[in-house]
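First, one chain by itself in structure tokens, the form predicted on its own.
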């Protein structure tokens, strides 16, 4: 039987490690001075494509981004 005392604080807060890591990275980027701050913020944008498959063939991919529109 495991104890909750050894649970990392990010898991105890209901976060995944990726969420915790993204929050920390964002805070570090915001603490940087110019011109490093704008350079780092521009690198955080992520674009990816999503393709649905039908009948064993990919349909036309849709380009997505993690930034709110």
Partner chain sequence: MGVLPGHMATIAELKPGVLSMHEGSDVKKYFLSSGFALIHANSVADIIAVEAVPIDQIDASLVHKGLAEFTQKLSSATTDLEKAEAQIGIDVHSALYSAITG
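Numbering follows the first chain given and starts at 1. No experiment lies behind these values; they were computed from the predicted model shown. Think of the rigid core as the biggest set of C-alphas that the two forms share within 1.5 Å after superposition.
Missing here is the form predicted in complex with its partner chain; even so, the following discussion is about that form.
If we define contact as a non-hydrogen atom of the residue within 4.5 angstroms of the partner, is residue 49 a contact of its partner chain in the predicted complex?
The answer is no: residue 49 has no heavy atom within 4.5 Å of its partner chain.
Can you check whether residue 17 is within 4.5 Å of its partner chain in the predicted complex, heavy atom basis?
Heavy-atom contact with its partner chain at 4.5 Å: present for residue 17.
Any chance residue 30 has a heavy atom within 4.5 Å of its partner chain in the predicted complex?
Yes.
Indicate whether residue 54 is a 4.5 Å heavy atom neighbour of its partner chain in the predicted complex.
Close contact is absent here: in the predicted complex, residue 54 is far from its partner chain, nothing within 4.5 Å, heavy atoms only.
Using a 4.5 Å cut-off on heavy atoms, what residues in 35-57 are near its partner chain in the predicted complex?
Sequence-ordered list: 36, 37, 43.
For a quick test of reading the superposition: does residue 45 move by 2 Å or more at the CA between the shown form and the other one, rigid core aligned?
It does shift by 2 Å or more.
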